[in-house]
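Next comes just one chain, in structure tokens: the form predicted on its own.
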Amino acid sequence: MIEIIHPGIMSIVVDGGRYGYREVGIPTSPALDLYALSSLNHLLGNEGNAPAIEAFGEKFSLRFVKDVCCAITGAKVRASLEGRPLQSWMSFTARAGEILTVDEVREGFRYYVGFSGSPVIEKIIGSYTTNLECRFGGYRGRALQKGDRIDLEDIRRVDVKRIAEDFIPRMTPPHTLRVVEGPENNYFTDESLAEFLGGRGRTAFTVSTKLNRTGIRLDGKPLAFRTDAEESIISEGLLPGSIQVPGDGLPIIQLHERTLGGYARPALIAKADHDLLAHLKPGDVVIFEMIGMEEAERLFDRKI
């Protein structure tokens, strides 16, 4: 069992996602950094999509009520166990009564805390992950709070392991996000698209304070619509990584909590870069780079 002492800014239970129900409006709601989740579970001997805690913000802390192996991946953090320094992307053993604290996030934004045992929580529509808007899944369908207790079953002892530095992604800005052409690419002027997706001189955007698990709004030079183009479209299915542009011309990167959208999409972020979206934080600089579909597929194949 673990007991939450401080949830950080926000922490929730996530897993690999709730798939197969988008046509009825239920989003996938997975861990935003699936590579970090998979690596975490590898360190702990769990199935790759097993549930863990996704958190952001400093001062996250919990108390171990049972002996268990634990690890932290995702953002690189300064953490400690009873005052003893810990290393991100490396497993460790915690004893009953000891307290884990995340004191500082040094690189990236969201981090993942997992255990060598299965959290005792209800599986809903095939997944343990939290859907905050619909208030189901995870721990009582909500973010974790001080005093919450989650029991662990099938606890196993595992050897201490670490992920080699070469396999830990870089999460420092500026972030270059590779994209493929979107279905409404022709809604925007050639000049605007050249600045948005072109080579030298392309526009750099800044991550605004308007971001959550649904999307990331960017600040910068607005994209210009063609005079003969509508500023919205008939709502249709929306993929994670879609870049939507509302009437004000400022891009919104969609994440996993929407199944429909009604704004023009000049580009879609290549799937190989989706995990990086978990680590965009207010003030970070973002640059888009256009690539072809074959290159996007090659990059994803190389990643997996």
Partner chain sequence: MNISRYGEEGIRILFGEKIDLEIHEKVRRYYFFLKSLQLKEITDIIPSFRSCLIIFERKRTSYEALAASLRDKEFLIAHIDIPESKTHDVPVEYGGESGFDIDFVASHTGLSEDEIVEIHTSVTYKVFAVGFMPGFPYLGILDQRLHVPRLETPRLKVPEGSVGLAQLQTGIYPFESPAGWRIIGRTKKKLFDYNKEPYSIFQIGDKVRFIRA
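Owing to the predicted nature of the structure, the values given are computational and were not obtained by experimental measurement. Positions refer to the first chain, counted from 1.
Keep in mind that the form predicted in complex with its partner chain is missing from the display, and what follows is about it.
Candidate site A50, V120 and Y128: all three near its partner chain in the predicted bound form by heavy atom within 4.5 Å: No, none of A50, V120 and Y128 comes within 4.5 Å of its partner chain in the predicted bound form.
Per-stretch contact check against its partner chain in the predicted bound form, the hit in 33-41, 57-65, 245-253, 261-269 (non-hydrogen atom, 4.5 angstroms): After filtering at 4.5 Å, what remains is 261-269.
Its partner chain: the contacting residue among P222, P174, P183, G97 in the predicted bound form [heavy atom, 4.5 Å]: Only one option qualifies, and that one is P183.
Looking at the partner-bound form in the predicted bound form, is C69 within 4.5 Å of its partner chain by any heavy atom? C69 lies outside the contact set for its partner chain.
Its partner chain contact in the predicted bound form: I124, any heavy atom under 4.5 Å: It does: once its partner chain is placed as it appears in the predicted bound form, I124 has a heavy atom within 4.5 Å of it.
Would you classify G20 as touching its partner chain in the predicted bound form, given a 4.5 Å non-hydrogen atom cut-off? Yes - in the predicted bound form, heavy atoms of G20 and its partner chain come within 4.5 Å of each other.
Would you check, heavy atoms only and a 4.5 Å threshold, whether V285 touches its partner chain in the predicted bound form? Looking in the predicted bound form, residue contacts with its partner chain do not include V285, since no heavy atom lies within 4.5 Å.
Can you tell me which bits of 277-298 touch its partner chain in the predicted bound form, meaning any heavy atom within 4.5 Å? M293, A296, E297, in sequence order.
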